[in-house]
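Presented as structure tokens, the chain that follows is alone, the form predicted on its own.
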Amino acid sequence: MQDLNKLWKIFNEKFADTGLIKGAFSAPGRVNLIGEHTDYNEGFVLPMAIEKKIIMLGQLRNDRLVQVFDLGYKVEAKFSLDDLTPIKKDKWANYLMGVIDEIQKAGYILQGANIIFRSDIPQKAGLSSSAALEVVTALTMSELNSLKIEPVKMARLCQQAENNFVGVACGIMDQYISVLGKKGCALMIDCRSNKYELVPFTDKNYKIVICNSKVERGLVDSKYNQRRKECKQATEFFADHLERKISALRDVTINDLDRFGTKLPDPIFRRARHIITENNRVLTSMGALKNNDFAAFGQLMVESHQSLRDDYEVSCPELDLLVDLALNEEGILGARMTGAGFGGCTINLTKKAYLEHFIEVISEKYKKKAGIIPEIYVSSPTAGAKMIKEGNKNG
């Protein structure tokens, strides 16, 4: 834990010791293995926590002030627990303030704190650095103040912070996996009930390789809102045509789509087909992982990408290129875009024996064809947010 010792040294140089409780905590980013755009249709998702994380060190203060220093960007923020309002300049601080605001609104009593943090989660890559920041803040403030906030409640407080304070209408997936992730497991989340199930992903012969296209997701907001509207239209259509309650596309089966889909205008039909088939793919992929059938899981990833590209139309040329390049390589069982789309990352299911060759070839070919050097990260499913117990707190 030499790295943690260095962080404590920085902390102790930055802040005077208050003599109160202190601690170190971490929360991971995430990648979604399968189940894209199903969350806001009350469907199923299958993310995993990745081996990229935020580490946060904190110590209580004797007053109501919170001082935060971001080691990556060398910026700091100060705010009072009694005056939490969103700021326009250093927007990153809104994620911390929002979490603290929600904790206090839930009736918990907090003291001020001195905090530093460092992240190695790539920014703007769709790997959920914002949720990791929310979760590590919640864990830090909870533990320093001896609150014992139950994990699911912590995840929901973080989601509420992003919805209410930051102003982003996100679902529960990112916060859930950052809090509830377990080493060697993906996490299937039912986005209607918020129930979840750990799904084993323990075979060391296979790795998840994340390829960052380095294309920033510029179209996401407008297209995302448009897709939500199209899904709502499809839901209303099926609610009119089926003799049972339909409150989201989650409630529509492939059989329903076959019976009535021809009456839907294009592209509404294709949007609905993606959501309905994607929900099926998530449930099928759970069975594949439980049976250690990585070939079947890889095929479902490929089908997911095709559906996102053709039916949901949220891919982009660079993501398609990365997927096509991957599927031409030996040892690759599956590849797909992940996240909201229009940029960001692809994920690849790779046999470990071919890992180094795959990374080398994809980097070279993507640079040649797209003119961009990709960033590539390898990860196995890792644990969610936790206290880091080792390290010398006194530098």
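Start at 1 and count along the sequence shown; that's the residue number. Basically, rigid core = biggest C-alpha set you can superpose within 1.5 Å across the two forms. Quick caveat, the model's predicted, so the values are computed rather than measured.
Another form, the form predicted together with alpha-D-galactopyranose, is not on view; read the next lines as being about it.
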When alpha-D-galactopyranose is placed as it is in the model of the complex, which of 33-41, 51-59, 66-74, 357-365 ends up with heavy atoms within 4.5 Å of it? 33-41
Partner proximity in the model of the complex: Ile172 to alpha-D-galactopyranose, non-hydrogen atom cutoff 4.5 Å: yes
Does alpha-D-galactopyranose get within 4.5 angstroms of any non-hydrogen atom of Tyr224 in the model of the complex? yes
Check Leu327 for me: does it contact alpha-D-galactopyranose in the model of the complex (non-hydrogen atoms, 4.5 angstroms)? no
So, in the model of the complex, is Pro47 in contact with alpha-D-galactopyranose at a 4.5 angstroms heavy atom limit? no
In the model of the complex: members of 334-349 within 4.5 Å of alpha-D-galactopyranose, any heavy atom: Gly339, Ala340
Checking Asn41 here: with the core superposed, does its CA move 2 Å or more between the shown form and the other one? yes
Tell me whether Val314 is among the residues that move between the shown form and the other one (Cα shift of 2 angstroms or more, core superposed). yes
